[in-house]
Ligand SMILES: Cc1ncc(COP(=O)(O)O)c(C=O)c1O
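This document starts with one chain, in the form predicted alone, laid out as structure tokens.
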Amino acid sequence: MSLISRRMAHIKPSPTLAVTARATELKSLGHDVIDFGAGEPDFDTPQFIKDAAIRALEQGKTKYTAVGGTLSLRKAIAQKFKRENGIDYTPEQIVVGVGAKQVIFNAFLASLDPGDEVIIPAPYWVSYPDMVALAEGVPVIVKCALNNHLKLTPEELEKAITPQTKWLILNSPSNPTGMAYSRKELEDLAAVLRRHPQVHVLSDDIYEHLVYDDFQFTTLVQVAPDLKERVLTVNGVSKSYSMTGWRIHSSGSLLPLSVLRSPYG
């Protein structure tokens, strides 16, 4: 009897960690290397955030909290959604986790049965297929064309959906391409989703504030509020606020699987 479970055969070592390790090795040898591995901001965590953390430590806020996040944190996240995205979530619709990756994995583990399909537009963040496979789901990779700016089109989405489709992953702005869906593009995808009520959407918005050329970020629930109960909005602080090692993340809606990373607790 093997110590390692059979499910571990479905996943492979992280390409991100492999690239990062190789870049570190080359740097140690004196090579001038630009590391495109881990999504690590090149600026420090803002001072006011570090000051707030120090005050919390000095006040003894180092004990266990509620599993889904403290009420004050979940209220702050709800306010963020209302203020920045025009979306109404209650604290009861929000869960805080130890990282967006963990939150997404938890959602798949809680919702996928063997054979359930998850549509993943490519290029994609390397962890998506492995998380789906580890939860015994089936990754369905849709290769997005360069002449469509590496975006999933409504026609491609329609073709990829089957009776076994349970999730669609939308990552905008995208890791690794940097592309982002416009309001009109999201509206067109929403029109397809309305015809397939069994399909839920994981909206990975972790790069929400890292946009360029006056692009206006929009998340799916903003343009299709009627789909709100089918959308798991994942967001957080690690990228926009350079808090990758802080491990506080959260999500909103899709009861009872709400998950979103919050800017502040």
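Start at 1 with the first residue shown and count on from there. This structure is a prediction, so every number in the text was calculated from the model and none was measured.
Here the subject shifts to the form predicted in complex with the ligand, a form of this protein not shown in this document.
Practice task
Could you confirm whether Asn171 comes within 4.5 Å of the ligand in the predicted bound form, counting heavy atoms only?
Solution key: Judged by the heavy-atom cut-off of 4.5 Å, Asn171 is in contact with the ligand in the predicted bound form.
Practice task
Indicate whether Gly99 is a 4.5 Å heavy atom neighbour of the ligand in the predicted bound form.
Solution key: Yes, contact at 4.5 Å.
Exercise for the section: Indicate whether the ligand has at least one heavy atom within 4.5 Å of a heavy atom of His200 in the predicted bound form. Expected result: No.
Exercise for the section: Classify Arg247 as contacting or not contacting the ligand in the predicted bound form by the rule of any non-hydrogen atom within 4.5 angstroms, answering yes or no. Expected result: Result yes; Arg247 sits at the interface with the ligand in the predicted bound form.
Practice task
Pick the stretch from 28 to 36, 233 to 241, 213 to 221, 54 to 62 whose residues have a heavy atom within 4.5 Å of the ligand in the predicted bound form.
Solution key: Result for this chain: 233 to 241.
Practice task
Have a look at Tyr89, Trp167, Tyr181, Trp125 for me and say which one sits with a heavy atom within 4.5 Å of the ligand in the predicted bound form.
Solution key: Spelling it out, the residue with a heavy atom inside the cut-off is Trp125.
Exercise for the section: Give, in sequence order, every residue of 183 to 219 that has a heavy atom within 4.5 Å of the ligand in the predicted bound form, or say none if there are no such residues. Expected result: Contacts from 183 to 219: Asp204, Ile206, Tyr207.
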